[in-house]
Ligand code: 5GP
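The data below hold one chain only, encoded as structure tokens and taken in the form predicted on its own.
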Amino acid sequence: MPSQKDGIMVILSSPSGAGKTTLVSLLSEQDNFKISISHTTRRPRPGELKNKDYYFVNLDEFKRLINNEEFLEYAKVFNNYYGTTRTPVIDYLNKGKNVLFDIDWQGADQIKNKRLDYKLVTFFILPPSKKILFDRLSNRDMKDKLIVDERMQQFERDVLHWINYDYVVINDDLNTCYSRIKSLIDAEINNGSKDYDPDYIRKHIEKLTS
């Protein structure tokens, strides 16, 4: 049975290229924070390590995990499947570890709908502008213009889900963005005051979607 000593769940989601994976990695360097490692059917990117960045599996194995109801959440993103298995997450939480999730809005919705008896804090990360996002995607092993265009079109759809998150943070500078998220997590854990301006966020989203 979950208790006050349990860890909390922290979800970071973002459109592709907005920086959530780097932010999750930075947050995991804190004491008592663990990254939930996802299973995926996609191929490793350069520099990614098996069983550290992802559990890379084939489609048959992924479907076996679905059929056995082992996923806390899973989704198909850009023709590949991603999913979080339940057992490691619950084990971490019961040991008092805080669990970080690097997942998209589909996975975030599924975890929220599970209504697990653990505290959950959700963040949606946005780029400073669509131009900066385009530049980041173009430089991130995505020289294929069609791939970049596909992700920019997906951005137009993904950004609409910001409203379902506790906090929206703009990744205009990595260190500043990290500090904002860390402060909000600390405030949530310790019931402290939160430095958060919803009106500023709403205006930024209006600019991104205009």
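Note that the coordinates shown come from a computational prediction; the quantities given were computed from them, not determined experimentally. Numbering starts at 1 and runs along the sequence shown.
The next section is about a form of this same protein that is not shown, the form predicted together with guanosine-5'-monophosphate.
Checklist entry - Since the chain is shown here on its own, which stretch among 181 to 189, 159 to 167, 27 to 35, 41 to 49 would lie within 4.5 Å of guanosine-5'-monophosphate in the model of the complex, judged by heavy atoms? => result Checking each option against the 4.5 Å cut-off leaves 41 to 49.
Next on the checklist: Whether residue 82 contacts guanosine-5'-monophosphate in the model of the complex should be assessed with a 4.5 Å heavy atom distance threshold; does it?
Outcome noted: Residue 82 belongs to the contact set for guanosine-5'-monophosphate.
Checklist entry - So in the model of the complex, does any heavy atom of residue 120 sit within 4.5 Å of guanosine-5'-monophosphate? => result Taking the distances in the model of the complex, the answer for residue 120 is no, it never comes within 4.5 Å of guanosine-5'-monophosphate.
Next on the checklist: Since only the chain is shown here, I'm wondering whether residue 77 would be in contact with guanosine-5'-monophosphate in the model of the complex (any heavy atom pair within 4.5 Å).
Outcome noted: Heavy-atom contact with guanosine-5'-monophosphate at 4.5 Å: present for residue 77.
Next on the checklist: Quick check on residue 155: any heavy atom within 4.5 Å of guanosine-5'-monophosphate in the model of the complex?
Outcome noted: It does not: once guanosine-5'-monophosphate is placed as it appears in the model of the complex, residue 155 has no heavy atom within 4.5 Å of it.
Checklist entry - Taking 10, 88 and 92 as the candidate spot, are all three within 4.5 angstroms of guanosine-5'-monophosphate in the model of the complex by heavy atoms? => result Contact check failed for every one of 10, 88 and 92.
Item to check | Interface residues of 175 to 208 toward guanosine-5'-monophosphate, as seen in the model of the complex [heavy atoms, 4.5 Å] | outcome: Counting only heavy atoms within 4.5 Å of guanosine-5'-monophosphate in the model of the complex, no residue of 175 to 208 makes contact.
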